[in-house]
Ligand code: HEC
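Shown next as structure tokens: one chain only, the form predicted alone.
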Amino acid sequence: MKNIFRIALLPAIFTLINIPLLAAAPPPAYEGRRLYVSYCQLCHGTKGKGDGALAKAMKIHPTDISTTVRSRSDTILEKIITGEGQPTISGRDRHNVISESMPEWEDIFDKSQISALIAYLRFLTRAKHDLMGDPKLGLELYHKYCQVCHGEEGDGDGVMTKLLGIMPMDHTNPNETNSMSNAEIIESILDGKGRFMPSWRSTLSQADVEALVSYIRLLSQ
């Protein structure tokens, strides 16, 4: 009887989702992606392969981030980005451990931005699924429609979980999110899943859903 009552409440509950909620800070990889797109992508390319448009025009060869970042610690990556300190890997000067054409960003990024950028570089090298939409739009939609159940930070502890007695998917857990393809997450958003995950087909466009999927991917870094 209690479960029937909860299910009956769902339509009324989800009409309240548009009420503004206190939004948590975006995940580090989200901010790191913004910085990467603005400052790094022109040379390193969208997937970090070193094939950006500016690199081709200047005839330089940036490192392939998808392979080199895996073998670097956060400390070494910070030195490479800022140009500080002596490398422990080779005898070359300072940040030029990877490329002689690599600029020094010490005066551009603060420490939190460097950490965010490193988080995105880690994501870029480990990601099993493409970012198919705009994470910025995804962030806005997530806070508007999803955090009420999935939580402000995406870890499944939204305000509705205790009321409904549910355990939503933890979007910060890469073991959960990486096990699903983009198509599977899109399907669960559009058509709903299980007894409590509602269908958003009549509310969200395809572009909206793809943006949400991209934001969810960044939450799991």
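These figures come from a predicted structure and were not determined experimentally. So that there is no doubt, residue numbering starts at 1 and follows the sequence shown.
The protein also exists as the form predicted together with this ligand; that form is not presented, and the subsequent description refers to it.
Annotation: in the predicted complex, residues F123, L131 and A183 none come within 4.5 Å of this ligand through any heavy atom.
Interface residue remark: R33 is not counted as part of the site for this ligand in the predicted complex, having no heavy atom within 4.5 Å. In the predicted complex, at least one heavy atom of T68 sits within 4.5 Å of a heavy atom of this ligand. Taking the partner from the other structure, this ligand in the predicted complex has no heavy atom within 4.5 Å of any heavy atom of T172. Heavy atoms of P103 reach within 4.5 Å of this ligand in the predicted complex, making it an interface residue. Scanning I81, A127, A119, L139 against this ligand in the predicted complex with a 4.5 Å heavy atom cut-off leaves one residue, I81.
Contacts of stretch 195 to 221 with this ligand in the predicted complex, defined by any heavy atom lying within 4.5 Å, are made by F196, M197, P198, W200, L204, L212, I216, listed in sequence order.
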